[in-house]
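Read the single chain below, which is given as structure tokens and is the form predicted alone.
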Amino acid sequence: MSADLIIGLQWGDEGKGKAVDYVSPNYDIVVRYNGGDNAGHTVVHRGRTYKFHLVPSGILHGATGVIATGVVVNPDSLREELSQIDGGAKLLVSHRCHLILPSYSLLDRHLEGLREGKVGTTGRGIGPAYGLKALRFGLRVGDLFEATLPAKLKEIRRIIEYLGVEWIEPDIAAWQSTLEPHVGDEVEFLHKAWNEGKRILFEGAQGVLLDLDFGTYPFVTSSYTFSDGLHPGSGFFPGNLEWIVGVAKAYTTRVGNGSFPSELSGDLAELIRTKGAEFGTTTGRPRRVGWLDLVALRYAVKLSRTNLIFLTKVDVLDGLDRIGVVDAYDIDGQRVQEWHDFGDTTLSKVRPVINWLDGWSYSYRSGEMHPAVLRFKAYIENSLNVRVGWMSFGPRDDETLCML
């Protein structure tokens, strides 16, 4: 029996799609358990680029994909993604998943407009879907096939209109057509597969620092993004996991608002942003860019119990004379290497303490890493007390080095 998890350790956009695509040939089942189509995973597979928002990335290797209970589903987005996959996909969608209705995106933008400080939501209706779920007014995938559907829609419409938002009628027939071949019970499916010795990979969305409770609240997502979100998101106990693989870039990025201690500006930020193609898969927005923040990574590793690192985009730093890493925070004159409160208010008070490492002209060529890259890798491992198991030097399948 084998079950492993891949999660992001920063503010999302770490390259989880590539990490999942790289390791997923070793698995029979790949599972998404949180988030919605606000999460974007870009995968370059066999020379073709895929942009997935709901479908588990590992499905391209023939694994059975599962969209589990903790995911909120926009059936229109799902239909578009499935059309990318030649020959169809082996996919199970939990009947417990909550649906994103068309009016939810209007409500999302309406609520964002009421804020003094904008969160920077994608406006895709994710927050309203989770909010109405918690208020017990949500619509689930299984409801599409029940006689109670008209009454439930009427109930939700009353709430939407009460909040001053236009009601947009969902195309129920199209939704039923998209989902009916895939609806099932992932709890029964996953536990049966586990008992039969199938290999299961769980694929997280977003990143630890965007967790609803433990991230930089309120500038966070609406779901649980670290390892313990697995249980409520899929019914699978995280204590059964063998490897918890944390994905991190060789630098840090962030989309939207909120504190960002290692943030860069000016020409250097623009250089890294351009070389790294740092524009949101879902929104196209330019990402904010900063040095690798080891204080934040220590927090994310501890919280998620990560025991292997998948380090991405090392090549983006090629050609820099020196590489910055945030090794500590200065808080009112006191230097700390570990920080436990990543709420935005507290985080905004810290000042980064940057340690400078030698840069490199190239990161990897002719089968060898540059000596300065090896020192960079060792510095990260010593700082986090976690082994770097993979390093990625580009978007293609063959641009990843496994060191296990």
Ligand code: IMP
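Here the structure is a predicted model, which is why all the values come from computation and not from measurement. Throughout, we count residues from 1 along the sequence that is shown.
Another form, the form predicted together with this ligand, is not on view; read the next lines as being about it.
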* Asked: Can you pick the one in Leu303, Val295, Val314, Ile126 that has a heavy atom within 4.5 Å of this ligand in the predicted bound form?
  -> Ile126
* Heavy atom within 4.5 Å of this ligand in the predicted bound form: which of Leu91, Ile160, Ile272, Val220? -> Val220
* Report whether the minimum heavy atom distance between Gly17 and this ligand in the predicted bound form is within 4.5 Å. => no
* To do: Answer with yes or no whether Arg285 is in contact with this ligand in the predicted bound form, where contact means some heavy atom within 4.5 Å.
  => yes
* To do: Would you check, heavy atoms only and a 4.5 Å threshold, whether Ser227 touches this ligand in the predicted bound form?
  => no
* To do: May I ask you to state whether Asn38 is within 4.5 Å of this ligand in the predicted bound form, using heavy atom distances?
  => yes
* To do: Name the stretch: of 253-261, 147-155, 303-311, 228-236, exactly one has residues whose heavy atoms fall within 4.5 Å of this ligand in the predicted bound form.
  => 253-261
* Asked: What residues of 119-133, in sequence order, lie within 4.5 Å of this ligand in the predicted bound form by heavy atom?
  -> Val119, Gly120, Thr121, Thr122, Gly123, Ile126, Gly127
